[in-house]
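Below you'll find only one chain, the form predicted alone, shown as structure tokens.
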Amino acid sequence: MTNMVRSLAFAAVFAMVLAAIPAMANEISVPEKPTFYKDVLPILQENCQDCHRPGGKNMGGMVAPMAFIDYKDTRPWAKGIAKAVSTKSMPPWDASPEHAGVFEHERGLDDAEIETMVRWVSTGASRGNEADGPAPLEFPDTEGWSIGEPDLIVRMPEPFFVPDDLLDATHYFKTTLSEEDHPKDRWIKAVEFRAGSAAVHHIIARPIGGIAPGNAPSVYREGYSAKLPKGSEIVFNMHYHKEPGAGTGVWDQSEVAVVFYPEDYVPEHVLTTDPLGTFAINIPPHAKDYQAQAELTFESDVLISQMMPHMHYRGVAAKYNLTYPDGKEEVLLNVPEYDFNWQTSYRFKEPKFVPKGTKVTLTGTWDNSEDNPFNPDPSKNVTWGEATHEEMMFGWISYTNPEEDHTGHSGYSKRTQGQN
């Protein structure tokens, strides 16, 4: 797409947004001419600056490329901000509106906030009086860990050189926790990964956890935990992805930090995380709405804590559906516009109780057609694979058995998988 075409496309979207302003103004109260410091900065602080700041939060290997701390740094991005908020591509949140208010850390702007941002741009992106703005926010030291001082840091056993000619590959590295580093079983409170190079796409470090693009550090809900036994073997599943070429090779030694509960702590709830999914993926060339499913049936009462769907470039939608023992159905999570770059973990504000015999069906949808702008090659037949140009479907789901939590028992489900 040429720059002229991009400009015309943006102009068309922006014109439609401006045309809607008069109608919106009758329903919500927005200043006639918003200013940055009085009207826009409070919205940025509440919704954007956690990522859009110098050394912003690392979201699964992604760090925002621009800061919105003051007028000078924000003003050059004004039109892009208006487009992003009006199309709701920012802040990133892909759960269906039917789930509004259900999950923690829900991101999104209300109509008044969106119109304020758009009108600020349409009326000239005025600076206003700095004295009218809120006090600057204070953020944690960007050189440290956002979860606090770690009790344990586990690194890949040795540096690995990602070669010049590598485009996409997965490598595994094993290390065992020593008696000195981890002398006894401990319950995990928080986990944060730190990629050792820009070539890291995602990391899974069993049994500690993992990150994918868009993931924030993991902090367990109070009273919930998973155990890290002493002597555990940690397997780093490292997915590297970069543009190949002379001089592009980099060294990597990624690491993960863990904060534990106190030594004598016993959690009320012990979490099990199930990688609900299927390997039976076979997407024909040019197929637009290919689907595959996987099922899980709980063999005891459970409390569902959170879910995170995972697919690759061709993934466009994911849905978790509950079927209760009496046949009643309910949508557990609907992600109608899955975004590979923002693989959000959706955690209920209050864990959801489901009775024994309830079935969870995960349905993934892929678009292998020319209409998918992220599709590497619509002419290819696509099967399961670890590379991003191949496909996956995992619908991670974390839950606990309220009657057996104290045992640490896992395996409260049985799974099946299939496709159509």
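No experiment lies behind these values; they were computed from the predicted model shown. Heads up, when I say rigid core I mean the largest set of C-alphas that superpose within 1.5 Å between the two forms. Numbering starts at 1 and runs along the sequence shown.
The form predicted together with a small molecule is left out here; the points below concern that form.
Asks: Under a 4.5 angstroms heavy atom criterion, identify the one residue in W342, F173, W187, F103 near the small molecule in the model of the complex.
Replies: Flagged contact: W342.
Asks: State the residue from P157, G148, P92, P229 whose non-hydrogen atoms include one within 4.5 Å of the small molecule in the model of the complex.
Replies: Only one listed residue qualifies here, and that residue is P92.
Asks: At 4.5 Å between heavy atoms, is V259 in contact with the small molecule in the model of the complex?
Replies: Judged by the heavy-atom cut-off of 4.5 Å, V259 is well away from the small molecule in the model of the complex.
Asks: Taking the small molecule as it sits in the model of the complex, is M308 near enough to touch it, meaning that at least one heavy atom pair lies within 4.5 angstroms?
Replies: Outside the cut-off, so no.
Asks: Whether L167 contacts the small molecule in the model of the complex should be assessed with a 4.5 Å heavy atom distance threshold; does it?
Replies: Contact with the small molecule, no.
Asks: Do A195 and the small molecule share at least one heavy atom pair within 4.5 Å in the model of the complex?
Replies: Looking in the model of the complex, residue contacts with the small molecule do not include A195, since no heavy atom lies within 4.5 Å.
Asks: Within 4.5 Å of the small molecule in the model of the complex: all of L276, L296 and L322, by heavy atom?
Replies: No: none of L276, L296 and L322 comes within 4.5 Å of the small molecule in the model of the complex.
Asks: From the candidate stretches 280-288, 221-229, 103-111, 176-184, select the single one in contact with the small molecule in the model of the complex, where contact means a heavy atom within 4.5 Å.
Replies: Heavy atoms within 4.5 Å of the small molecule in the model of the complex occur in 103-111.
Asks: Note yes or no: does the Cα of H312 move by 2 Å or more between this form and the one not shown after the core is superposed?
Replies: Comparing the forms between this form and the one not shown, which are aligned on their rigid core, H312 does not shift its C-alpha by 2 Å or more.
Asks: Under a superposition restricted to the rigid core, does H99 display a Cα displacement of 2 angstroms or more between this form and the one not shown?
Replies: No, the C-alpha position differs by under 2 Å between this form and the one not shown.
Asks: Hey, does H241 budge by 2 Å or more at the Cα between this form and the one not shown once the core is superposed?
Replies: The answer is yes; the displacement is at least 2 Å.
Asks: Mind checking the CA-CA distance of H52 and H241 in the model of the complex? It differs by 3 Å or more from this form, so is it closer or farther?
Replies: Relative to the displayed form, H52 and H241 draw closer in the model of the complex - a change of at least 3 Å between their C-alphas.
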